[in-house]
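Next up: just one chain, as structure tokens, the form predicted on its own.
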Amino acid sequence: MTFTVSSKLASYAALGAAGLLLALAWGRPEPAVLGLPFIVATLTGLALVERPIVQASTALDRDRLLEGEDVHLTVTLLSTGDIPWLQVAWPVPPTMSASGGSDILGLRLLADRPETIETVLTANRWGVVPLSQPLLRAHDGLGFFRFEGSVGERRLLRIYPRPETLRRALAAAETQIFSGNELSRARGDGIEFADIRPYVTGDRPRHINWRMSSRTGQLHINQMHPERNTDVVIFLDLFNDVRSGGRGTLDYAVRAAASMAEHYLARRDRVGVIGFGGVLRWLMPAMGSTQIYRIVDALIDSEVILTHFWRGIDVIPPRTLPPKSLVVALTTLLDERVIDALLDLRARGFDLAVVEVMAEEFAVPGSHEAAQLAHRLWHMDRAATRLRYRRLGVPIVQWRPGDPLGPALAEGRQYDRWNRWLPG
């Protein structure tokens, strides 16, 4: 711990010296008598000063939590000597808040007697949050010296976005050959009725439609839609983040991506992630319970990195976009690089769906007439961009941050019913 001299020591020394000088100048003992206690206190403080040796350890009740949950931080302190007054402060990260709004605590620390203090931190935003080392400040018994330092070890918290409940999500136009929960438009063994056709040699008797057969006098077979899985790639726009009042479009986009990934993986689909921005990030499509942890760990590392480099989809590894995969883009449609990349994906035949995270919630127009005009032109440009996608048969839904995600995705499914085959 480093130490600094307080202004109190300088004041005491100055008063003691002033008393001696006045006694010499006036030839009277009274000023010296008045200044003597200050000189004695100064010499005593210099003689007895000792730098305290403090050991500290920090502990968390858990290192992974969801947004809005609390984590208990415990700091254990042990000193080799008595400390009359010790202040302990733990810098709270911007994305968290301390219980009661206070992050400083004072206590008396006796020699070789450990003291434990606790605080509760609340996670306000997802992300990988480093917790700084506790900061200590102590004073000697007379308050002449101040000792400061940090002890303990740095800890990391992984705060996951709180998922939303989704009953249904956007459906892919094509399915894969593996078993899943998505109905294929092909016909085969399944539980969803597709059509009726005449019986041919080799058909299974359990598929005979006896009511139709008795009516026509000829055997007919029920055809079914088989249940298959799909490949889903979540395309996350990391070129911009429109923020206002501590909230931003990226916050909601990451929460939506985590919710959709959990929904698709529960349906036995293969899910991957592409973070398209200043730094390209990707996670290969896979299925299983461990994939959701890989996806969420990748999502909470998402950040906007400013770059003026023009980036197209050619930089995306081909294996991250399997054939017949559904690409669900979460974007604000504000950056031309993202707009062109998504149009390029559609032109190459990928099944594309766009969830627009509405930036209008965070972009408040100015009061001047020119600002109002610019805001209206901006709205017109965004409407024209949406029209470009719809003309290409791309379902695009507008999701207002703060509203439930499920109804917005349901609107996208209805759009699909009119533009391409969709079971059910």
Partner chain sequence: MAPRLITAGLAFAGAAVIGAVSTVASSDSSSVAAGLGHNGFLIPGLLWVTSLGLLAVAMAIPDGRPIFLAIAFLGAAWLIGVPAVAAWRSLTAVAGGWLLAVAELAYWSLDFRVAGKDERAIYVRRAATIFALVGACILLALVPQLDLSAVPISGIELTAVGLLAAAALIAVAAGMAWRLRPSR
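Here the rigid core means the biggest group of C-alpha atoms that line up within 1.5 Å when the two forms are laid on top of each other. Residue numbers count along the first chain shown, from 1. Every value quoted in this text rests on a predicted model; they were computed, and no experiment measured them.
This next part talks about the form predicted in complex with its partner chain, which is not shown.
Stretch from 30 to 38, 387 to 395, 55 to 63, 363 to 371 whose residues place a heavy atom within 4.5 Å of its partner chain in the model of the complex: That would be stretch 30 to 38.
Proximity to its partner chain in the model of the complex, single hit among Y252, Y160, F239, F147 (heavy atom within 4.5 Å): Of the candidates Y252, Y160, F239, F147, F147 is the one lying within 4.5 Å of its partner chain in the model of the complex.
Contact assignment for its partner chain in the model of the complex, among Q87, T119, S132, T320, heavy atom within 4.5 Å: Of Q87, T119, S132, T320, the residue with a heavy atom within 4.5 Å of its partner chain in the model of the complex is Q87.
Every residue of A347, E356 and A408 near its partner chain in the model of the complex, heavy atom within 4.5 Å: Heavy-atom distance to its partner chain in the model of the complex: none of the three under 4.5 Å.
R108, heavy atom within 4.5 angstroms of its partner chain in the model of the complex: Yes.
Proximity of I104 to its partner chain in the model of the complex, heavy atoms at 4.5 Å: Although its partner chain is absent here, I104 would touch it in the model of the complex, with heavy atoms inside 4.5 Å.
4.5 Å heavy atom contact, L24 and its partner chain in the model of the complex: L24: no, not in contact with its partner chain in the model of the complex.
4.5 Å heavy atom contact, A383 to its partner chain in the model of the complex: Contact check for A383: no, nothing within 4.5 Å of its partner chain in the model of the complex.
Large Cα move at G16 between the shown form and the other one, threshold 2 Å, rigid core: Comparing forms between the shown form and the other one, the G16 CA shifts at least 2 Å.
Threshold 2 Å Cα movement between the shown form and the other one at R158, rigid core reference: No, shifts by less than 2 Å.
Displaced residue check between the shown form and the other one: L46, CA, 2 Å or over, core reference: Yes.
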